[in-house]
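Just one chain follows, in the form predicted alone, and it is written as structure tokens.
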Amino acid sequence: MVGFTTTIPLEIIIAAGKRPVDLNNIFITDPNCHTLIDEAEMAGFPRNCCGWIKGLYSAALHHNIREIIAVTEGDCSNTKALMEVLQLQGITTVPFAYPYDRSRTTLEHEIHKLAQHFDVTPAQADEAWHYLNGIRAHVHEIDRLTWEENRVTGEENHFWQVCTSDMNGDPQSFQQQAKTFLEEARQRQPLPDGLRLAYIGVPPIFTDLYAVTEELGARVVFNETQRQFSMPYRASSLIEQYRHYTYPYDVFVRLDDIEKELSQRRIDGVIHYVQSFCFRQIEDLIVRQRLKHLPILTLEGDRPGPLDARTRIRLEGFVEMVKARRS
């Protein structure tokens, strides 16, 4: 079992015959995820530290994961300290860095180092790449059914795409589950084509954001970062695939992708989620400057759980405003 702190070249883990575990997924789906944060704070993590970092730390210990790939560039700025704290617990940590400038040479070097650590040859990695892309294609179809045919809810779209980061630890079973879901979704009657929202930013720490949004008569038809986890672009190689992946690079690369999808998916308004104490909060001012033709609601979350009253009221007001603007 190999854990990781955010999406990494999954192909290497699969080619090595290891079970991949996205620590974010096992943290947020844990029935006691609140407790995991409390335990991290009891261990000494500061209160004003990202809830995801604290959750990742406790989840790794609870699941007795002894080897973790820590993404030190291209994700959370606290990951380096997390990696050191995990080392203190006797856990083997393997650093992986996405180059800020998307340099092909640097990224190829990083993936090569990762492959060497797990004793994976280029041919084995390439075989795993083709295998996983076949599975990812089913999730791309789930995404298409969401925005083009209105047969999939925003929460279902979020779930399937976010799970592609580790394919729930078992790609073969994940593929079969995705096929079964697709067969069922294709038989559904289309959902009402109401207010169409985009969700951008890291996946939400709120547990009921999608459900509440749909209660209010709106639906998320674009989940930006979750879609990136599914590697939605046709690439010529494994290296190029992770150069096209926008999340770990600068906000302008992300915005180029976001703007294209907002237009294609006929988006009425944007929810920009930011995590408390995360550097990405600063990027909100760039997002608002670039997407100023659309209404934007910035929501901030700290700990896992349902929407608090203030956030829910803000969401209700935003949906009403966008409805009035559209009518």
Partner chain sequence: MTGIGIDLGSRQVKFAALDGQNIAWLKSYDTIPFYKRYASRCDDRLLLAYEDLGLLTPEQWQSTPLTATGYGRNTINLSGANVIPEIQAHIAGARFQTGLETFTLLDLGGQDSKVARLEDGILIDFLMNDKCAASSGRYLENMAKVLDISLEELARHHQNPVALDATCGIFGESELIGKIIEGHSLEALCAGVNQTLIKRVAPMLARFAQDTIVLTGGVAKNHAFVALLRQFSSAEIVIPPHPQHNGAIGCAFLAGREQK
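Bear in mind the structure is a predicted one, so any value in this text is a computation, not a measurement. Residue numbers count along the first chain shown, from 1.
Below: the form predicted in complex with its partner chain, not depicted.
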So, a 4.5 angstroms cut-off on heavy atom distances: do all three of R310, E320 and R325 pass it with respect to its partner chain in the predicted bound form?
yes
Among 262-270, 35-43, 55-63, 282-290, the stretch whose residues bring a heavy atom within 4.5 Å of its partner chain in the predicted bound form is 282-290
Does at least one non-hydrogen atom of L216 fall within 4.5 angstroms of its partner chain in the predicted bound form?
yes
Any chance T29 has a heavy atom within 4.5 Å of its partner chain in the predicted bound form?
no
I296: heavy atom within 4.5 Å of its partner chain in the predicted bound form?
yes
Distance check, E67 to its partner chain in the predicted bound form, heavy atom within 4.5 Å
no
